[in-house]
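One chain comes next, on its own, written as structure tokens: the form predicted alone.
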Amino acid sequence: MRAAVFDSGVGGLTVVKSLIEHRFFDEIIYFGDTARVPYGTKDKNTIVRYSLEALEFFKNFDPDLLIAACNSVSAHALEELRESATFPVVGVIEPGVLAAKERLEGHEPILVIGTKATISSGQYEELLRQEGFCNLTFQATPLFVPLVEEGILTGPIVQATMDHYFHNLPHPKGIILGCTHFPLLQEALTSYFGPETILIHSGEAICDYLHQALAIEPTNRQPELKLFASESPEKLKRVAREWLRYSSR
């Protein structure tokens, strides 16, 4: 099977990492729209337009499945992608919510962080409340995306940014990382909130979802990875080498 994975930048590689580890696919085609990152500051119409343009790119590869590894796309453009695609399209919000249901209790305090577009969409709040979660806090953290894109994952700038967003918030039992860039900040988030705080990110959540909801079974083969970017593809490949420790074409 061939999977297409789409994100606004390098963040979707956190999903690719989990896909490689689970060996669900023979081939993974990744496209990062690095020329126009971040999507989280854009309006719905722009996010939809960019997403449909990415879909046209993927049609050249005849994928069996498209994973929209971008929460902003999943929040605002999933319906349009499904209407235009000839293959299944999976987002990351529903899998993230289902992962929270498996690991957290409905009364426990949960913090959801993401881009402005994702948080303002209300998608996480609606789905979490449907699953019985009632102690919810939502915080847009748009500065995290450029930090990750620049490779700034720890240190005083990250610490100051977390203080800026989190200093007045109640301490959560679990944090839903509502942006695929954010798992790259996992070490800093664990240091800030403590190791007892459960972090839920799209990579593992989407793999569980693919297995349980779509009955996709692991293979014994290491998938071939092909990387594409709308700008600075060498930067994307460098991040992939560092983060995935995996060679690509």
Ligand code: DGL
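Keep in mind it's a predicted model, so treat the numbers as computed, not measured. Note that residue numbering follows the sequence shown and begins at 1.
Just so it is clear, the following notes concern the form predicted together with ligand DGL, a form of the same protein that is not shown.
S.K.: Is I200 close to ligand DGL in the predicted complex, meaning a heavy atom pair under 4.5 Å apart or at it?
M.R.: No.
S.K.: Quick one: is Y39 in contact with ligand DGL in the predicted complex, heavy atoms, 4.5 Å cut-off?
M.R.: Answer yes; at least one heavy atom of Y39 falls within 4.5 Å of ligand DGL in the predicted complex.
S.K.: Whether V145 contacts ligand DGL in the predicted complex should be assessed with a 4.5 Å heavy atom distance threshold; does it?
M.R.: Taking the distances in the predicted complex, the answer for V145 is yes, it comes within 4.5 Å of ligand DGL.
S.K.: Just to confirm the contact call: exactly one of 151 to 159, 174 to 182, 82 to 90, 129 to 137 touches ligand DGL in the predicted complex at a 4.5 Å heavy atom cutoff, so which is it?
M.R.: In short, 174 to 182.
S.K.: For the stretch 96 to 111, I need every residue with any heavy atom inside 4.5 Å of ligand DGL in the predicted complex, listed N to C.
M.R.: Counting only heavy atoms within 4.5 Å of ligand DGL in the predicted complex, no residue of 96 to 111 makes contact.
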